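The form predicted alone is given below as one chain in structure tokens.
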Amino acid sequence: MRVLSGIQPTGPFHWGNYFGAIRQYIELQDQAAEAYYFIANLHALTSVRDPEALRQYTLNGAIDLLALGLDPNKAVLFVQSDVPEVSELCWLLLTGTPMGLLERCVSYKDKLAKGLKADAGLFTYPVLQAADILAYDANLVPVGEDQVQHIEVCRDIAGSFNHHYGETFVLPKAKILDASARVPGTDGEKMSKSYGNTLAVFDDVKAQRKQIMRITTDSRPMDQPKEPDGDVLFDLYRLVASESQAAEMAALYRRGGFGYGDVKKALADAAEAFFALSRERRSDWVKRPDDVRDVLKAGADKARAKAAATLARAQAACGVKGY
């Protein structure tokens, strides 16, 4: 089984990135025969227009993944743009991708609704994503439910190519990430940079504690029992607390007689403890940026070797090589 996934470097990783995806990527590196994880900086160009910011986000993204437990001895970690074969493969796929297929993509319509410009990069995003997947003969792609359609599009594109030119690409399957890991933002909506409601994984501890203490809560009296599920503080707390701690907190909610300030303090304490080891690892990696670059180069070398073989196969199949 070969697993592949990428994550965009559009700013600091937040709890939604970690609990919704990164944590499960790291678990998969121990289960898959091969695991490829990349920093999707080409995809990020659809929203990040500051070149220096993109460079810094890319390096920081690699540092954060290493700090959170991605092991370069178990998984191939690389930067998307360091594998130019993927961009060339993307063109081969674009030539056979129907416009209607891309027009139906929900993520494209959603981004337009949020005010993003309708440029060609945004429109053809799913084709580059397909090239990312197909280049490595990935069998399994871990995604959230909102990304399942893109895997189906990838399969459609690959299936069409295979139909016209013979069996060339492995058809990937989606692995739906744990839906129970839904992470609410500080306003109760889904945690997202676009909503400005995130808790950054590696924020300064004191700054994050202040941010948690400012989370708005309801005005129910202290002695009134409350249902924990669906409460933003409790939903965040159980992500970073142990099972027994979460059970105790749930019982406290249902019993009543507590203040939200107490829950906020418990949440801040649990978060600090949960990410303490990752913070230590990150502090070490930050001091060794050249070592991080070496990890990325070694990963890119492995990724390029695999992608080059796939590209050569596709080129031969469609007739742009071997004339």
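Rigid core (definition): largest C-alpha set, two forms, superposition within 1.5 Å. Source: prediction; values computed, not measured. Note that residue numbering follows the sequence shown and begins at 1.
From this point on, the text means the form predicted in complex with ligand TRP, which you will not see here.
Engineer: From the list V263, A35, A40, I63, which entry has a heavy atom within 4.5 Å of ligand TRP in the predicted complex?
Structural biologist: None of the others qualify; the residue that does is A40.
Engineer: Looking at F161, F78, F234, Y125 here, can you tell me which has any non-hydrogen atom within 4.5 angstroms of ligand TRP in the predicted complex?
Structural biologist: By the 4.5 Å heavy-atom cutoff, the listed residue in contact is Y125.
Engineer: Among 246 to 254, 202 to 210, 132 to 140, 68 to 76, which stretch has residues with heavy atoms no more than 4.5 Å from ligand TRP in the predicted complex?
Structural biologist: Only one stretch qualifies here: 132 to 140.
Engineer: In the predicted complex, does Q147 come within 4.5 Å of ligand TRP, counting heavy atoms only?
Structural biologist: Contact check for Q147: yes, within 4.5 Å of ligand TRP in the predicted complex.
Engineer: Aligning on the core only, does the CA of K173 end up 2 angstroms or more away between this form and the one not shown?
Structural biologist: Yes, shifts by 2 Å or more.
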